[in-house]
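Only one chain is given next, in structure tokens, and it is the form predicted alone.
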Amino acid sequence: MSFYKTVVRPLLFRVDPERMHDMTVGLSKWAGKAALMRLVMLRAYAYRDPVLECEVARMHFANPVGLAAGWDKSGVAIAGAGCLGFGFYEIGSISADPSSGNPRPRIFRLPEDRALIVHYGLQNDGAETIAPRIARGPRPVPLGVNIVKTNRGIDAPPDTDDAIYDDYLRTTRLVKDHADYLVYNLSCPNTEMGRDFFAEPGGIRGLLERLQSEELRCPVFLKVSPLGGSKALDRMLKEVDGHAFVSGFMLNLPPGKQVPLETPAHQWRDLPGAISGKPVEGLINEQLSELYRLMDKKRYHIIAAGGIFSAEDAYRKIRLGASAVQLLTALVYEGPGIVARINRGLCRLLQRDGFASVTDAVGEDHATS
């Protein structure tokens, strides 16, 4: 057991989860202001090895392990948290207008499952505030910006199709010149009256047709639902076909609590939100493998998250087809040292299996199946 798990984590878990999250983001923001502190963090947490370097959609990553969106929601801690050894860093989700998200409490720990129940509701400072913030830098690693439709609250009237598209376009125009890559979050709870907009035929195509005129110069990823199986993936790929600016895909968390849990049901049954962490790993891996099988491998890349707590977890996703991976919940349960441990372990696993680089292992399970 690590010092973090035995000493630090029990103390942190005495604090309300959202308050603890805000404190760690604030600490990273403070640390990022001092060049000496950034250097200390890099020396403490970064692990470098040429075998880990990879090219993903024209971007160079020093390693394939990134920080997922949802931790730094408004891009306030890029300089500090970017020094924790990640190969890339994603902020958001951000929207055209500011959003306060859902009422508190809106995040809950399930330690028995190494999981969180997340019901934040996409709160962020809004693109007009965030865009100049991310333009200033410094930027230790490539920066991704995750874009979503503004959450206007459960009592707001349903948006029209054009209003939904316009929300994405307004954010795009503000941030597109300040990001190393963009992610369009198409499967968060942006539903009105039971309507899942981008799950409907033509929804994704409509957004891409409008983005076509924006002349996006950075890679673009679509973050889609892990539900629906081959049929949903095939429809999505057909709608993306013809839009050459799309570089790849990510899989979002499944809505609700559609994964098996060890925690007794009475502890979570009435809590709002979706599960993140270890319990979603199986579902995500299954859909990741199917997406890789169906997609044009010469054109698209997959960045995969969901249940990564070890080098073996990350390596499994890479062999299933992910060019890079992301984590977030593991930081809560394993501490910041998890990034270096995963990268160190990946080097060991790649060497064991005879790969000269992490890129050589992408999709290997399909080649040997």
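Residues carry their position along the shown sequence, with the first being 1. From a predicted model like this one, the values you see are computed outputs, not experimental measurements.
What follows is about the form predicted together with a small molecule, which we do not show.
Asker: Please pick, from A127, L143, L283, L122, the one residue with any non-hydrogen atom lying within 4.5 angstroms of the small molecule in the predicted complex.
Answerer: Going through each option in turn, the one that passes is L122.
Asker: Identify, from the list C218, V118, I134, L174, the residue with a heavy atom within 4.5 Å of the small molecule in the predicted complex.
Answerer: Selected residue: V118.
Asker: Whether G85 contacts the small molecule in the predicted complex should be assessed with a 4.5 Å heavy atom distance threshold; does it?
Answerer: No, G85 sits far enough from the small molecule in the predicted complex that none of its heavy atoms falls within 4.5 Å.
Asker: In the predicted complex, does G306 have a heavy atom within 4.5 Å of the small molecule?
Answerer: Yes, G306 is a contact residue.
Asker: In the predicted complex, is there a heavy atom of the small molecule that lies within 4.5 Å of any heavy atom of G70, even though the partner is absent here?
Answerer: Taking the distances in the predicted complex, the answer for G70 is yes, it comes within 4.5 Å of the small molecule.
Asker: Would you please decide whether S93 lies within 4.5 angstroms of the small molecule in the predicted complex, comparing each non-hydrogen atom pair?
Answerer: Judged by the heavy-atom cut-off of 4.5 Å, S93 is in contact with the small molecule in the predicted complex.
Asker: Counting any heavy atom within 4.5 Å as contact, can you tell me which stretch out of 161 to 169, 271 to 279, 286 to 294, 200 to 208 lines the small molecule in the predicted complex?
Answerer: After filtering at 4.5 Å, what remains is 271 to 279.
Asker: Are L42, I78 and V339 jointly within 4.5 Å of the small molecule in the predicted complex, each by at least one heavy atom?
Answerer: Per the other structure, none of L42, I78 and V339 touch the small molecule.
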